[in-house]
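Presented as C-alpha cells, the chain that follows is alone, the form predicted alone.
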C-alpha cells in the first residue's frame, strides 16, 4: 500500500471497527472489550483473545439514560448505549478498570443493561508505588486472569505473556515514533493523526505495528511541508472529526499530545523481568511505573509541569486542553495547567467536548482566539 492507501485503511478501521470485530470472531478469535484506560491488554492478548477498545461513540444517548444521571461522562454512557443496542454482540467479555468513579458505575450498570456479555472488573490501587501497591495490582491481574478463563474458555501461560509483552512494547515504540515523525511533517493532518491512534484501539497490535511502520517509512522519505501554528493538545479524547477538521482548516500542526487515547497510553513499556520475577510481575511494574495522568494518583501534580515541558521541547506555540465534559479528574487538573502555561507565557485555551456534541462552532471560536494570541 502507498501512503494514501494506508491513511485510508486507518480511517476505515477507526470509523468502522465493527467490520474488524466480525472478522476476528469469524476467525475464531474471542474478542474482549477493554474500556479506558490502562486495561492490561497484554494479559488478554496472551490468552489468545483480541483486546478491542470500547471508548464509546458520537451517538445520541437514549437507553443509557435509564442507568446514568445526565451529569456523567458521555464516554461511559455511550459505551453502555452501544452495548444495550447490540453493537458489541459476539464479544466474550467487557473489562473495565476502576480508575475513576464513572468507570466504577459503568461496570455495575453493564451487568444489568447488557446481560449477554460478562463484565470483568480490573481493580487498580491508587497508591501504586509502594510494595503493597504492587501486591494489590498483581492480585487484580490474577483475578482478571481467572475471570477471563471462565468467560473466554482460555488458559493463562506466563511464557505466552512474555511474548505478548514484547508485541506490545514494540507497538508502543512504533506509536511513539509515529507521533514524533508526524509532529515534524505538518502535511499529516490532525484527522489523519487521529485515525492512526484510534485504529490502534481496535486492531491486533502486531498487525497495527506493521502498518504504522510502513506509514513512517513513507512519511520520512518526503520533505516536510511548511510548518503551521504548532500546538500541544491534552485531554482524554481528541477523536471528534468536526474538531479535527477545524484544527486542520485553521492551519494548526499538532506538535505533541497528552491525550489518554493517543500518546499518553504509550509512554511506559513493561520492563524486563528481574531475578525470580515472572512476566506477570513485569507487567505489574509497568502499571506501577506510570505517572503524569489525570486518573492516576499524583499528589505532586507532576503532570502539570510535564505538559509545559513537553510543549517547550516540541516547540509548541500554544496548548489546547480538550476537556471531556463531566470528567472530574481532568477538570481538577485544568486550573493548574492554565496557571503553569500562563507562568511560561504559553497561550492556553479550554475546549469542552461531549460524545453527543453536534456543533463545534464554539471550539472554532476558541481556536481562532488562540491563533490570534499566538
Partner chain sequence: MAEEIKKPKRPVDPNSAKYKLGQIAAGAYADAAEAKARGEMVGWCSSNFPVEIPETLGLYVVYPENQAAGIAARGYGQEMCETAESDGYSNDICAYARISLAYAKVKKCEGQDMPQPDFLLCCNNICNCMIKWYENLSRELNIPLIMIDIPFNPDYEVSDAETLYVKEQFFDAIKQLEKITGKKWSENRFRQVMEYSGRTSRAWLKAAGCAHYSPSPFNGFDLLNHMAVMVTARGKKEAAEAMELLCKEYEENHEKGESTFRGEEKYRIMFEGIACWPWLRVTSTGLKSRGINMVTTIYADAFGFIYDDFDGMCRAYASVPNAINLEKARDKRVALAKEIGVDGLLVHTNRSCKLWSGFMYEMSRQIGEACDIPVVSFDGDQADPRNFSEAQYDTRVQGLTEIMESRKAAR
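Residue numbers count along the first chain shown, from 1. A quick note: this is a predicted structure, and the numbers were derived from the prediction, not measured.
This protein has a second form, the form predicted together with the partner chain, left out of what is shown; the following refers to that one.
Contact with the partner chain in the model of the complex holds for none of 178, 218 and 313, as no heavy atom of theirs lies within 4.5 Å. Of the candidate stretches 180-188, 237-245, 194-202, 289-297, only 289-297 has residues with heavy atoms within 4.5 Å of the partner chain in the model of the complex. When the partner chain is considered in the model of the complex, residue 104 lines it closely, a heavy atom lying within 4.5 Å. Not displayed here, the partner chain is approached by residue 126 to within 4.5 Å at the level of heavy atoms in the model of the complex. In the model of the complex, residue 329 approaches the partner chain with a heavy atom inside 4.5 Å. In the model of the complex, residue 28 stays away from the partner chain, with no heavy atom inside 4.5 Å. The partner is absent here, but in the model of the complex a heavy atom of 143, alone among 210, 166, 273, 143, sits within 4.5 Å of the partner chain.
Interface residue among 82, 152, 280, 100 relative to the partner chain in the model of the complex, by the heavy atom within 4.5 Å criterion: 100. Along 132-166, a non-hydrogen atom within 4.5 Å of the partner chain in the model of the complex is carried by 132, 133, 136, 139, 143, in order along the sequence.
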